[in-house]
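Okay, here we've got a single chain as structure tokens, the form predicted on its own, with questions on binding and movement later.
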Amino acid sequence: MTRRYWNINLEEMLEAGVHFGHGTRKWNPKMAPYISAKRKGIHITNLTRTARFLSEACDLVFDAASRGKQFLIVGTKNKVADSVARAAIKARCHCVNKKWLGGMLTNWSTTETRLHKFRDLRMEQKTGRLNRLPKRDAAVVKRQLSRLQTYLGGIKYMTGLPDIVIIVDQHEEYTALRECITLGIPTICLIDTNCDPDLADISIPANDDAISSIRLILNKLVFAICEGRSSYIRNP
């Protein structure tokens, strides 16, 4: 895998608060190599290491995107949902930003059945067939469609398991991470000072609470994916 320059700036990360970890009482000892200091009861992440692993992650997604691979971004906390959706749209990725349904990947056949149902209902809505149903039946179908849109809207075009999964918060998305590990799907994960750095294929030590920190990390990864996709289009 070729190493590239991704303009990862330590000052920019400082301004985004990427370096702020959790309180010193809430930490995972495995994170010790990624922590540079303690300040006012808070662990401070070593941004040099953050830059290194973020650069590695950018190299990985660029390489995968340049070969036409598919990505899934997972981040379901309310405050990150919009950022995850925007990142997925910009990079033409799939995303889950509302709730991770257990077995979404490990029980792919069931997910696929739900997606087919979702697509069928969307088609009925577009063609006006729902308007021809009795009011009560139409209301039931519309509620079902709304629920499917909430939980599966970000993966409605996914036709198989993703090649790489990007996870915004290890603790919040632990079920998704375990499913990826079970299936052998490579993962890139933001890890705060209370996380286990050994679970993901590439762990990026960073503040997973501040929206500015999450956006910065996602923006770098999205840029690398877009660059890789451009390369794939030019050299299919």
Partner chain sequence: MASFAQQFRGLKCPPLNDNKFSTSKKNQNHYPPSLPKKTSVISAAAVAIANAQTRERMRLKEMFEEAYERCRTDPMEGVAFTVEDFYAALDKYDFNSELGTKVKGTVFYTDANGALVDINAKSSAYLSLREASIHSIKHVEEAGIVPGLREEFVIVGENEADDSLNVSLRSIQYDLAWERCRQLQAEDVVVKGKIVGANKGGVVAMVEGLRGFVPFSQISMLIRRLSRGLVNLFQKSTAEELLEKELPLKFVEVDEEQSRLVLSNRKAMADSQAQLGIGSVVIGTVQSLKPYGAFIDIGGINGLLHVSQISHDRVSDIATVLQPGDTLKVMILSHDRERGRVSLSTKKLEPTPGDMIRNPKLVFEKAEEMAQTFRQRIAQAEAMARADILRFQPESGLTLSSEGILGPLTSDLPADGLDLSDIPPAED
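Since we're looking at a predicted model, the values are computed, not measured. Numbering follows the first chain given and starts at 1.
The same protein also has a form predicted in complex with the partner chain, omitted here; what follows describes it.
Undergrad: Looking at the partner chain in the predicted complex, is some heavy atom of each of Ile8, Leu161 and Thr182 within 4.5 Å of it?
TA: Contact check passed for all of Ile8, Leu161 and Thr182.
Undergrad: Answer with yes or no whether Thr106 is in contact with the partner chain in the predicted complex, where contact means some heavy atom within 4.5 Å.
TA: Residue-level check for Thr106: yes, a contact with the partner chain.
Undergrad: Indicate whether His19 is a 4.5 Å heavy atom neighbour of the partner chain in the predicted complex.
TA: Flag for His19 set to yes.
Undergrad: Even though the partner chain is not shown here, does His171 get within 4.5 Å of it in the predicted complex, heavy atoms only?
TA: No - in the predicted complex, heavy atoms of His171 and the partner chain never come within 4.5 Å of each other.
Undergrad: With the partner left out of view, is Asn28 within 4.5 angstroms of the partner chain in the predicted complex by any non-hydrogen atom?
TA: No, Asn28 stays farther than 4.5 Å from the partner chain in the predicted complex.
Undergrad: What are the residues of 182-210, in order along the chain, with a heavy atom within 4.5 Å of the partner chain in the predicted complex?
TA: Thr182, Leu183, Gly184, Ile185, Pro186, Thr187, Ile188, Asp192, Asp198, Asp201, Ile202, Asn207, Asp208, Asp209, Ala210, in sequence order.
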